[in-house]
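In structure tokens, one chain follows: the form predicted alone.
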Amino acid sequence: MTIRQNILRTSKVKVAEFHKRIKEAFEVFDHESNNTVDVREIGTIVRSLGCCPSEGELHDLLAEVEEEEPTGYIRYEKFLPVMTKVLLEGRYRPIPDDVLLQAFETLDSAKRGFLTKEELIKYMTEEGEPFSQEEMEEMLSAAVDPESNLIHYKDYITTMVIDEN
């Protein structure tokens, strides 16, 4: 087998694997089993595939997969090629855990190893691109330690990091 044939074979296997993963993720939200999902579910589907687009990037992605006249639904046939390309290109990669740790340590000026719920809410709603109420609640539900009511960010980061294998 030539190098070219081997590369093509590997590429076909990778595309087939991506198609399988995309189909499985899409089907979770295809409640009517008609190869469509509610447009509001696309962000969840994309993130379940290991991608972490910003809201702006997600908006651009939706523009690629929506119908000419938006219906509120996304068809699998339009989603599959766009999402396959996203995965092949490695777009919307998650932030590496060491960068996340550095960000949390910057917020934790006292170097305590944790942030209070109130501190995190303040930082996430008043600085930079603010989180929505829904995003904040979702983050807090995963980040806050129920026993101490604190965010031990090293532990939280391990739950956020996506396993590539």
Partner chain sequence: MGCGNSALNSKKSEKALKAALVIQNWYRGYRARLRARLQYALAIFESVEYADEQSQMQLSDFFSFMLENYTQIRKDDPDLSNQLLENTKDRQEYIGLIEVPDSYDGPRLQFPLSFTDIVLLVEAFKNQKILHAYYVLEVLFQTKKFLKQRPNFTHVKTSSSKGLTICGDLHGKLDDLFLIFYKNGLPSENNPYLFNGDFVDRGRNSMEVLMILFVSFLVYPKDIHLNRGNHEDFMMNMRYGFTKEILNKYKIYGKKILQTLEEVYPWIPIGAIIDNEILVIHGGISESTDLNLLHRIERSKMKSVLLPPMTGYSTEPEKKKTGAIIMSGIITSKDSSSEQLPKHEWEQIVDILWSDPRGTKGCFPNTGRGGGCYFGPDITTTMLNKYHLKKIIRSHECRPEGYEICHDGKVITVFSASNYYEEGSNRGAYIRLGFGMAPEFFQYQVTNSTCLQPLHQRVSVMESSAIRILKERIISRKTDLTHAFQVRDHVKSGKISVTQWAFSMESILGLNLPWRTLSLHLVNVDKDGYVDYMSSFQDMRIEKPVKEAESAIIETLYRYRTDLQMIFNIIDSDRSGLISMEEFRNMWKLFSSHYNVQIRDSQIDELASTMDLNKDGSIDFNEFLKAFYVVHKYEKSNKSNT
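Remember, it's a predicted structure, so these values are computed and weren't measured experimentally. Positions refer to the first chain, counted from 1.
As for the form predicted together with the partner chain, it is not shown, yet the points below apply to it.
In the predicted bound form, every residue of the candidate spot (Asn34, Glu55 and Glu129) has a heavy atom lying within 4.5 Å of the partner chain. Among Glu118, Glu137, Glu67, Asp60, the residue placing a heavy atom within 4.5 Å of the partner chain in the predicted bound form is Glu137. Under a 4.5 angstroms non-hydrogen atom cutoff, the partner chain in the predicted bound form has Phe104 among its neighbouring residues. At a distance threshold of 4.5 angstroms between non-hydrogen atoms, Phe29 is in contact with the partner chain in the predicted bound form. By the criterion of a heavy atom within 4.5 Å, Asp155 is excluded from the residues contacting the partner chain in the predicted bound form. Using a 4.5 angstroms limit between non-hydrogen atoms, Asp145 is distant from the partner chain in the predicted bound form.
Whereas the shown form places them at one spacing, the Cα atoms of Ser141 and Leu49 lie at least 3 Å farther apart in the predicted bound form. Panel note: the distance between the CA atoms of Thr44 and Pro146 is larger in the predicted bound form than in this form, the difference being 3 Å or more.
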